[in-house]
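This document opens with one chain alone, in structure tokens, the form predicted alone.
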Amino acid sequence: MAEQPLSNRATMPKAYNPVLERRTVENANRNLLKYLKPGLSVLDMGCGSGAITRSIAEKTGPTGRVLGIDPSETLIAQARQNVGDLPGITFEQGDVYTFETTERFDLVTCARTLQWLAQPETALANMQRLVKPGGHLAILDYNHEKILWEPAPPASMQTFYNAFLQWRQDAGFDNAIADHLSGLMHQLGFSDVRIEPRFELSKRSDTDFAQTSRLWSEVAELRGPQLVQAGYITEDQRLEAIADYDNWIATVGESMTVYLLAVEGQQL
């Protein structure tokens, strides 16, 4: 089977993604809590299946306006299906580079999305246009080059992880985007640009360690087939990485720290 074009590597596989659905504002986007209040208008760019978007709408209430945008038709369909009768929230299929509306929002948020864009500065400029004067743009994203495990994960997972980073880099994605966000936002003219460390720490003493530390097994399950198809790893290497890493979690794994920053600025 032919490999996807490089521009399509960010496309989320259609399989159910448990990582997306267990996220809420409280456990995955806490930097937004200081903004959220009844009546606020919020645009969530790259909303995925809408789990965090729903959590936002619960806090802005029936007088608020929450719009979730994602390029994936499949994920937007899931988001609409899962929203139930929650008021004040809608979802639209749209691209972060080109989405346009006459609306302007008190808060535009984009979490864990710029890591999948080859032109994050273009996306940020488009999001800036959608922020009201005095409103805020809040970006949350990773530096994948600064992940820490204690002790080191199995060699098979390290092989997969390095292949994952190379696969991303070859597609033009910035593996260290978190550390470049503040500079990009200053270039766009945002005032009061603030950086908040939001590292994701999983420790064996946590009751959910087996779930949260399994992030990279889930990446290997969901994204791994794309790496196999592109020739970065073999299928046997992918399966070995999952099995060995799950065993690391069950036996010797003590902690995993994923480097994540919230970078926010106010529109003049």
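Keep in mind that this is a model prediction, so the values were computed, not measured. Residue indices: 1-based, along the sequence shown.
The same protein also exists as the form predicted in complex with a small molecule; that form is not shown, yet it is the one meant from here on.
- Contact with the small molecule in the model of the complex, judged by any heavy atom within 4.5 Å, is made by just one of I89, A111, L181, L137: A111.
- A single residue from the set V131, I147, L117, L124 has any heavy atom within 4.5 angstroms of the small molecule in the model of the complex; that residue is L117.
- The small molecule in the model of the complex comes within 4.5 Å of no heavy atom belonging to V258.
- Among residues of the shown chain, I52 is one whose heavy atoms approach the small molecule to within 4.5 Å in the model of the complex.
- Although the partner is absent here, M185 lies well away from the small molecule in the model of the complex, with no heavy atom inside 4.5 Å.
- Taking the partner from elsewhere, I249 is found to have every heavy atom lying beyond 4.5 Å of the small molecule in the model of the complex.
- Note on the interface: of 227-235, 42-50, 57-65, 202-210, the segment with non-hydrogen atoms within 4.5 angstroms of the small molecule in the model of the complex is 42-50.
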